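The chain below stands alone and is given as structure tokens, in the form predicted on its own.
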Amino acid sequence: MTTQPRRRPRVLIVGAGFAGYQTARELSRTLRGRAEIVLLNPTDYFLYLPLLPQVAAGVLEPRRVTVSLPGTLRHVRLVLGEAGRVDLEARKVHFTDPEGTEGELGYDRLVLAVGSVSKLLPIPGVAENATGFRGLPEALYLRDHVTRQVELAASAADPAECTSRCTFVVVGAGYTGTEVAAHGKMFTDALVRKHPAWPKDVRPRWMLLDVADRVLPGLDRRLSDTADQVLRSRGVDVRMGTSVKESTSRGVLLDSGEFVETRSLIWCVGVRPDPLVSQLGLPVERGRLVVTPQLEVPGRPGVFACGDAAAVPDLHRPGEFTPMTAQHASRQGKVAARNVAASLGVGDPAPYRHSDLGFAVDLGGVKAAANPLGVPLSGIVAGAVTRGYHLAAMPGNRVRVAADWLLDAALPRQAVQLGLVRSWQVPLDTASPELAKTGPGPREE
């Protein structure tokens, strides 16, 4: 008599951002072969988003901010693909792999950690002319684009064209936009200093716009003031209470009526949950999937959600939900892993509890603004704390990142166009794949 081997339960994790990566890593340690862990993700790497502005500014090489999923997640099977539909009744996730082949994965436990995409506002011309900043392709494109604009500006016969090409407009003074403007200004200043044909009386112009009344509106006021001071001292044109009314291939019309001639509109106004969440037919809160404090979807046993895709109750502030930050996503991933394991008979479940430990904003060079554990810091001390935090938080590549920082401090940056990513490959509206198929648009020189 022969017996069939008992099938191990399958845990399917959709998304390998901060939440999904931590879920997979913790489960691989906790379950130790008691379940099959499958990770569905479009790429084979985890992207450390906070350092992406440094990739765009040439401080870090692209691979430094990526961590190999197969290389760091033991006992986890990676399936390359983009989730397209979740069949909760059949307990299956339908996906499309990078070559366009469709497939499906069944599951016993499901963790939705699909993250977020750029928030696109209904402003004429923005979708066609702006560049988002949510992934490695956008950072690589922006690095090439900024370098190209400086080179074209240097050879322009018309002074107006030179000014237009070396004007860069960043919309959104949150965490990402502030860092992009701070690093971008340093990057272009370094480019023109060593450019032999650069006109002496012209300086690259960076503008930072936001409808809020201050930089970093969601953070502590002291962080805002520090960042604002650094930006202005560096020459960034900070315009609070200002937004874009219309965008064209030649510039942006501000709501004040001023038209700014530019070839570079960088969109950092925030994020929204991945559109997959709204397709599930489950209760949502501002586009985020409603979950219990244990990160489980009510009425759907075995289905969990965490990170930007989930509206997680904030137990420290009753009635509110945890904000969409990497700090919360990482910790939610660990709690999700614990509760998934508990549902399989390993350990005990626990609710998600976490208070913000503070934030750190890298402003380039030795400048930063940080408030670890509520202690406000600025200058060199804040810079050291900020970079120390990133090294501690990264799940890999720490030595390589530190080496790039040391090289950047000692040597001039290499400023060449790689030509790897073209403008139509980084559509701002990431929820509209058809936009990526339309070919070169007005942004392409």
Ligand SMILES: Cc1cc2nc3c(=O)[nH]c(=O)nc-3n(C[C@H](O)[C@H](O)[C@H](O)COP(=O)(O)OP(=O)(O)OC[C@H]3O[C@@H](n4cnc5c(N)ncnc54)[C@H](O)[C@@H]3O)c2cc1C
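Throughout, we count residues from 1 along the sequence that is shown. In this text the structure is predicted, and so the values were computed from the model without any measurement.
FYI, the form predicted together with the ligand isn't displayed, but the following is about it.
- At a distance of at most 4.5 angstroms from the ligand in the model of the complex, none of the three residues 58, 127 and 427 contributes a non-hydrogen atom.
- The single contact residue among 352, 141, 133, 107, judged by any heavy atom lying within 4.5 Å of the ligand in the model of the complex, is 133.
- Though the ligand is absent from this view, in the model of the complex it lies within 4.5 Å of a heavy atom of just one residue from 324, 230, 191, 76, which is 324.
- Heavy atoms within 4.5 Å of the ligand in the model of the complex are found in exactly one of 158 to 166, 255 to 263, 292 to 300, 78 to 86, that being 78 to 86.
- Among heavy atoms of residue 50, some come within 4.5 Å of the ligand in the model of the complex.
- The closest heavy atom approach of residue 40 to the ligand in the model of the complex falls within 4.5 Å.
- Within this chain, residue 313 is remote from the site of the ligand in the model of the complex, having no heavy atom within 4.5 Å.
- Although the partner is absent here, residue 359 sits close enough that one of its heavy atoms falls within 4.5 Å of the ligand in the model of the complex.
- Shown here without the ligand, the chain has 113, 114, 115 in 96 to 115 lying with a heavy atom within 4.5 Å of that partner in the model of the complex.
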